[in-house]
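To begin, one chain is listed below as structure tokens, in the form predicted on its own.
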């Protein structure tokens, strides 16, 4: 059960580089100082605030939201009323905060930007996972993330129930069409990757048609990425891969409207760049109750 008691805000150590990312975001927003707050809010003013989720969806980014206020002012306390990753069908109170009014106002927009963006991603990921689940297909994200926010956006897809594909180019081998062109063909690319890859690392390659698929299988690919195939062709391609005992991934413009058609072909994985590049931010607000200093 969640502990709803107020406690000092803190910076989670579970998300790599979180403090540095937030420091950059605050520097971007606050600049040389919060001029409006400093001029209009008396020093020493205390405030209480409620974080409100105003639309259906999954909460993601609670540790990031909290860390913003921990870095703005160590005197801000927070009580979470719901669990990270929990879903709501409508409006709900998510957290209570208490502390210096100036600190709460200075951190408000940065904190809300994070929780809105990450909750939107988690909500879309949760819906994709829900659609694919009956077919026992794993939903993956991609590297189509906002520059500088990849760690957090991929965190949000995990909160929504999806799995991370590569975190970066150093995190696996995925030979795509331009690699194939530069390497001199599918066979040449797979052979070169195999020669230099760590022994246990999987070699995945993108194929665009049945001829490419057959060549990739003959060259010893461990996994094939069926990119931009139509749902009918992809069924046959997956049958061929199953017979060859090779893993399959489908990608290429897949949306929540089409993922079910592709999942019905029962690939091992479906990857959606839309989880991070097209997710709509979830609406949150921070409502204040101010105690005027005497």
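Quick caveat: nothing in here was measured; it's all calculated off a predicted structure. Residue numbers count along the first chain shown, from 1.
Only in words, not in the display: the form predicted in complex with another copy of the chain, which the text now covers.
Novice: Can you tell me whether residue 211 touches another copy of the chain? I mean in the predicted complex, with a 4.5 angstroms heavy atom cut-off.
Specialist: Residue-level check for residue 211: no, no contact with another copy of the chain.
Novice: Contact with another copy of the chain in the predicted complex for residue 30, defined as at least one heavy atom pair within 4.5 Å: yes or no?
Specialist: It does: once another copy of the chain is placed as it appears in the predicted complex, residue 30 has a heavy atom within 4.5 Å of it.
Novice: Is there any non-hydrogen atom of residue 79 lying within 4.5 Å of another copy of the chain in the predicted complex?
Specialist: Judged by the heavy-atom cut-off of 4.5 Å, residue 79 is well away from another copy of the chain in the predicted complex.
Novice: Would you classify residue 50 as touching another copy of the chain in the predicted complex, given a 4.5 Å non-hydrogen atom cut-off?
Specialist: Judged by the heavy-atom cut-off of 4.5 Å, residue 50 is well away from another copy of the chain in the predicted complex.
Novice: So if I measure heavy atom distances to another copy of the chain in the predicted complex, which of the stretches 213-221, 85-93, 200-208, 127-135 falls within 4.5 Å?
Specialist: In short, 200-208.
Novice: Each of 35, 164 and 179 within 4.5 Å of another copy of the chain in the predicted complex, by any heavy atom, yes or no?
Specialist: Result yes, every residue of the spot touches another copy of the chain.
Novice: If you look in the predicted complex, which residues in 251-265 sit within 4.5 Å of another copy of the chain (heavy atoms)?
Specialist: Contacts from 251-265: none.
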